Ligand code: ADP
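One chain comes next, on its own, written out as structure tokens in the form predicted alone.
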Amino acid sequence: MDVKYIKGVGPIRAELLNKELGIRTVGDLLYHFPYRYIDRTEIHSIAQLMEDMPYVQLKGQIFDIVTEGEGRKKRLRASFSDGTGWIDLVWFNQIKSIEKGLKYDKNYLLLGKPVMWNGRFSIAHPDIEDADKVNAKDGTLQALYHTTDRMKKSALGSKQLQDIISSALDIGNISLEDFLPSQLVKQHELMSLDLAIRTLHRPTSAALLAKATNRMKFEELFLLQLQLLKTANANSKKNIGLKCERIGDYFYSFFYNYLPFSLTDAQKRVIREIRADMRGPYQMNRLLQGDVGSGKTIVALLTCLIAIDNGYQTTIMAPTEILAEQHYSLISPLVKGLEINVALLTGNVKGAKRKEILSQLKGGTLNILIGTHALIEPKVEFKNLGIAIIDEQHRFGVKQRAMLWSKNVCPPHILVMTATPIPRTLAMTVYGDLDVSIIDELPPGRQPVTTLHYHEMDRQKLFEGIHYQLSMGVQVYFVYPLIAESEKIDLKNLEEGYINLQEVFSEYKIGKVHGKMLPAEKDEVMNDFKNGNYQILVSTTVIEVGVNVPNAAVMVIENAERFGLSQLHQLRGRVGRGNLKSYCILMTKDKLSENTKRRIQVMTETTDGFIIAEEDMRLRGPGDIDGTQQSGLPINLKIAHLIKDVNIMEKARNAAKQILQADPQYNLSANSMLWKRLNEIKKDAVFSDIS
């Protein structure tokens, strides 16, 4: 049923609901869940009000009503008292209709968020009702709904939306038939769909509300995992893989004779997982997560050796020339004694050298090719590519990766790597069509980076410490934010910082690198810094993924309050690459919000990237993790949370596996409504009609 036929909607409001919230049908409306609830049994007094209180309920009378200001600044203000104090009520929209409905001789029950303004509390656009009528209402918990500014200006706020949803629930022929298999509902002790929907919008007790919320969270996460597992199954069946059944001389010789250190248990576990994939009948599609410095490159090399032992060529693609060169400089000397042919192909490799590499590649005598985007050019032809390893994979587009995968008649195995820490549960979801391996321990002996928080008032103390470190021969990063919305301002800040540092540290050479420079210019500056030609490097976040500089043991991050936790951690990973005691200094303004204080505190308390990623998501939601927003999932989550509901997620994933194992062809009659619903759900999460 079209939502316009619901009492209180009509064509104009229906169009507004569609444009603002994507609500077109009654089904969409009923799946627009409250974001919180207010206990209407608790009534505060004005004398009890404090700053930072959430929504409160007050009971009293209006004593003064005035219209102030002109034009856009026009507002309606009323004085409200309950006998213990006074508070201002303010309205900026629908002023005439609101003023007409207000009475001096009536007891009102109002709901709103108190804000201190000029020494007195005020509430903007409160929900205000006749106290006697509210007391007669069923239930004690009032649902609050997300609306937009445009909706509020059209008198379609949370209260009006609640009334519309209530009207929809009262329609006699509305049927909320459960699409989850009855056995699944029974096994997990889930509330029925009909009761859960009605309870979420009209809760009568906290206990029933908890059960209803659990049901709908399970439903969302179950459908999400079901879709992801279906995709993963389809991918695994679609591509026949190149079997790498043997571990041969190259792998064993390197492992026992040339590997300069012992592998961590985490590295060994990941290699076993990769080995199991490569010996199977299907193409490997695996994500390798590992914190900065955890040893992903060695795992990548050992993976290449497995392929080479089975007669295949290998390639490693990096997002920048400097990172590709870094991989080459690490791998090439390690395999020198194995008579393995390793080459580097970037935009800087030209002429006879380039022709030689392409010839060896096509002829099959080149074993490992390391490079950048140059690898996907049409002229780059492999004889028998067995595995493609993609570093920092989110920096490449899907089409670019697909071009690399098509370099062989039979698709090569795929290993994508990232140093961006992603919580295991989120990785399981965001990369649901990939198998996930995680290196969750650092090599022994690596010194942790000490992270300190300095305020702007501490800058002189900072400079004194930097002078000391420089005098000891240590190199230093100064990192400035460069955010798209204010690039001109941020770039100016970097330039001003660069000039200021030249004055403060005049006896030292200072380099500068930022995203507005040409790639060749950036690489030149980074190489000069690596070679010790600069003692200080002033940079934006372009160094987030970059070259190893073991002598760079101090990083100062300016305006650290403007960075997310995961990005701060990535930046911090640029220091502590050698055996020097390393420091990361987070510089912020003197006054910070509570959320920012918590972020800074987390950074100073731990260097564990996965703990940081978990906390990052708790503070700001899933957001844009590794370039993948929550809205990029096959099903948008309206009530479930990928991190907070991890326990429900695991149950939902296991349930989805059981369904797919029992019904691999999607044709069991007991699951017919389930498959129908799954097919109805689009990426924009607009549900089909419930009739």
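If you're wondering where the values come from, they're calculated on a predicted model, not measured in any experiment. Throughout, we count residues from 1 along the sequence that is shown.
Below, we refer to the form predicted in complex with the named molecule, which is not included among the displayed structures.
When the named molecule is considered in the predicted bound form, only one residue from P181, G293, G497, G465 comes within 4.5 Å through any heavy atom, namely G293. Scanning R577, R562, H514, K530 against the named molecule in the predicted bound form with a 4.5 Å heavy atom cut-off leaves one residue, R577. Stretch-level contact analysis of 97-105, 347-355, 207-215, 257-265 against the named molecule in the predicted bound form, using heavy atoms and a 4.5 Å limit, identifies 257-265. Using a 4.5 angstroms limit between non-hydrogen atoms, L330 touches the named molecule in the predicted bound form. Under a 4.5 angstroms non-hydrogen atom cutoff, the named molecule in the predicted bound form has N548 among its neighbouring residues. Under a 4.5 angstroms non-hydrogen atom cutoff, the named molecule in the predicted bound form has T297 among its neighbouring residues. At least one heavy atom of P443 is located within 4.5 Å of the named molecule in the predicted bound form.
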